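As a starting point, one isolated chain is supplied in structure tokens, in the form predicted alone.
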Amino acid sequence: MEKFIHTPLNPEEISELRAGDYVYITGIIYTARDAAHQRMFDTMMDGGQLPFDIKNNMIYYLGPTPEREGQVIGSAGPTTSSRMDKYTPLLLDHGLKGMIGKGKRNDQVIEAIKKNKAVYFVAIGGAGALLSKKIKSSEVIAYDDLGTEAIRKLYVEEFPVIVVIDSQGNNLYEIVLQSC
């Protein structure tokens, strides 16, 4: 099923999403990869404030290439999500409601998704140049010293993703395997 949603994420909308849904996101999303996740994790463990409010927000596992002239961002393909798995349950417990990446998630992340009524989306790997056209603005907001791994605030319009793990824990990867 095709759905259109806006950020910040609405818990009621999240509960209506199902594994396999095609979703188009409009609004603010944040980017963070391995190094930024480590810093956010360490900050939370030390009782500090994150550089943005994660409550009901979404993180795109992205380290974009440099923008070319006339573009707001370079190629914007997803990073392998499992690299963030050790940090994700804590972020979900603090209010994160959505993640965009590619690939499978571990059992602890799936349990945290269900517990926190969140959702995991995938963006199509290899389509970074096309995905970047849906990003209308990009601003580094934290950890500038990390270069492409700095946290960015993006404004996206109808950014295409697929629900892989919904808030009830239904997993598209498992569903497909069962049907084979």
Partner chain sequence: MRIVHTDQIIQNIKEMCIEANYQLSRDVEDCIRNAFDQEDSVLGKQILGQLGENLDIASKDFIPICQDTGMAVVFLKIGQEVQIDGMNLEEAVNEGIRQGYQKGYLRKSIVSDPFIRTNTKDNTPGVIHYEIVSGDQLEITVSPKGFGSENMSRIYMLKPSDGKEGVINAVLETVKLAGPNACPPIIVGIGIGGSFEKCALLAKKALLRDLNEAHKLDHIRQLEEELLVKINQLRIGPGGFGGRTTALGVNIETYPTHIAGLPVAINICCHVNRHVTRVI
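Residue numbers count along the first chain shown, from 1. The structure presented is a predicted model; accordingly, all values stated were derived computationally and were not measured.
Below, we refer to the form predicted together with the partner chain, which is not included among the displayed structures.
Though the partner is left out of this view, Ala129 does reach within 4.5 Å of the partner chain in the predicted bound form, counting heavy atoms only. Contact annotation for Pro78: at least one heavy atom lies within 4.5 Å of the partner chain in the predicted bound form. Contact annotation for Gly103: at least one heavy atom lies within 4.5 Å of the partner chain in the predicted bound form.
Remark: His37 does not count among the residues lining the partner chain in the predicted bound form, judged by a heavy atom distance of 4.5 Å or less. Checked against the partner chain in the predicted bound form, the candidates Thr26, Thr148, Thr43, Asn56 yield a single residue with a heavy atom inside 4.5 Å, and that residue is Thr148. Heavy atoms of no residue among Arg18, Leu50 and Phe52 are located within 4.5 Å of the partner chain in the predicted bound form. Residues from 58 to 75 that approach the partner chain in the predicted bound form with a non-hydrogen atom closer than or equal to 4.5 Å are Leu62, Gly63, Pro64, Thr65, Pro66, Glu67, Arg68, Gln71, Gly74, Ser75, in the order they occur in the chain.
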